[in-house]
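Below you'll find only one chain, the form predicted on its own, shown as structure tokens.
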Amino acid sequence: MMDQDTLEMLRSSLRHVLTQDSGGPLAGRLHELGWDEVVADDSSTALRTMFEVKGDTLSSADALGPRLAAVLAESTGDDRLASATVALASPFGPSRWDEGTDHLVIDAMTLSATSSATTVVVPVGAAPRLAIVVAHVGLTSTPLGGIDESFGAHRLTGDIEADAIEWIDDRLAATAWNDVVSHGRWLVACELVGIARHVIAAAAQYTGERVQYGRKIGTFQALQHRVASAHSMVIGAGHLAAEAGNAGDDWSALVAKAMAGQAAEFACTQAQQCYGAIGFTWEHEFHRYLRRTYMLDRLFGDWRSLEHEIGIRLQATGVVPHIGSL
């Protein structure tokens, strides 16, 4: 367990690593930091801190992709996959197997650019089945624009023949993909918490500086209530993400992701009320945090759909599982 001084040093170092414009891969910069030793010493705290800092800084570095690959490699026992790109669901349509041509038609999203020399793991179908495509020139990676172009997501498309595909054993695939989704939900929850904390802190600072009718707007009770209610929700989401990291199970990750997505969105809506018109301008930073919130919330299920999933599970089991000490 890290002490507070060590944790602050780690945050400072990660802030530098995640925001420096070196053009090189994040893995190399983390290696220089001694990241492997940090993770080995306290994996939950290290990863949670990195993704909270990533949310706070709006870093475009792909920290999530390598983590998903590491989980997939560990779950399947296939070390090759530790350096693979894990494809996620595309907003344009799922990847599918074409029975007529015996081809895999890929339409997926990756969290960074994918070259033809990269091994890609593609989920196919609802279960899903997991296809491994090794270094294939038929793959095309194009930037995925949309609401937050700085996020770095890419659309991956391709039409791959059967003999260029290796399938992960179906018995392993279901468990492995569940592990990937669970880990991804937890890490995205941590990133959303980082965003929400920044948004509320910035809004609180603004209300202490902005003057209307001869008074700082932070003295207006309506705004105090908005900031306080959002702050309490963000604090709760942060504790839940921390406990979910320690628990390491899919239920905790599901609840943490739902709570973090709701808290980040609520923080943004309350902050917008504090900012007023300036919050709508391109010059102000707020819109960048709002955009990133909406992008992250939709990874591995938005908070509204996850709340529905939580309700279905609770009805089916009749049991409310504890999450850590909560």
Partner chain sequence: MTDPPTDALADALADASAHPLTEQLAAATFESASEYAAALERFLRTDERAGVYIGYRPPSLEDSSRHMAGLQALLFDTGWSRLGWPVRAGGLGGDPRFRAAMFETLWKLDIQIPEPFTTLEILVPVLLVFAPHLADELLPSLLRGDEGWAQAFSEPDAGSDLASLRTRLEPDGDGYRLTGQKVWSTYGHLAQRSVLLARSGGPGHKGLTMVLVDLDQTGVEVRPIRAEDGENHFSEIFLDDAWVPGDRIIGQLGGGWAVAMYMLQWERGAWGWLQQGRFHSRLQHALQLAPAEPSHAASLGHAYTLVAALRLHTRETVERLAREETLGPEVSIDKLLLIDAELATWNAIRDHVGPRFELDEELHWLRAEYLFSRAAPIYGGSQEIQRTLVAQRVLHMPRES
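In this text, all values refer to a predicted model and were calculated from it rather than measured experimentally. Residue numbers count along the first chain shown, from 1.
Beyond the structure shown, there is the form predicted in complex with its partner chain, which is absent from this document and is the topic of what follows.
Its partner chain is not drawn, but in the predicted complex it has a heavy atom within 4.5 Å of W251. When contacts are judged by a 4.5 Å heavy atom cut-off, A82 does not count as touching its partner chain in the predicted complex. Contact annotation: G218 falls within 4.5 Å of its partner chain in the predicted complex, judged by heavy atom distances. Although the partner is absent here, D302 is not a contact residue: none of its heavy atoms lies within 4.5 angstroms of its partner chain in the predicted complex. The single contact residue among S232, T140, N178, T119, judged by any heavy atom lying within 4.5 Å of its partner chain in the predicted complex, is S232. Contact with its partner chain in the predicted complex, defined as a heavy atom within 4.5 Å, is made by none of L68, D159 and I168. Partner contacts here mean any heavy atom within 4.5 Å of its partner chain in the predicted complex, and among 209 to 217, 182 to 190, 85 to 93, 124 to 132 they occur only in 209 to 217. In the predicted complex, the residues of 283 to 318 lying within 4.5 Å of its partner chain by at least one heavy atom are, in order, E307, H308, I310, G311, I312, L314, Q315, G318.
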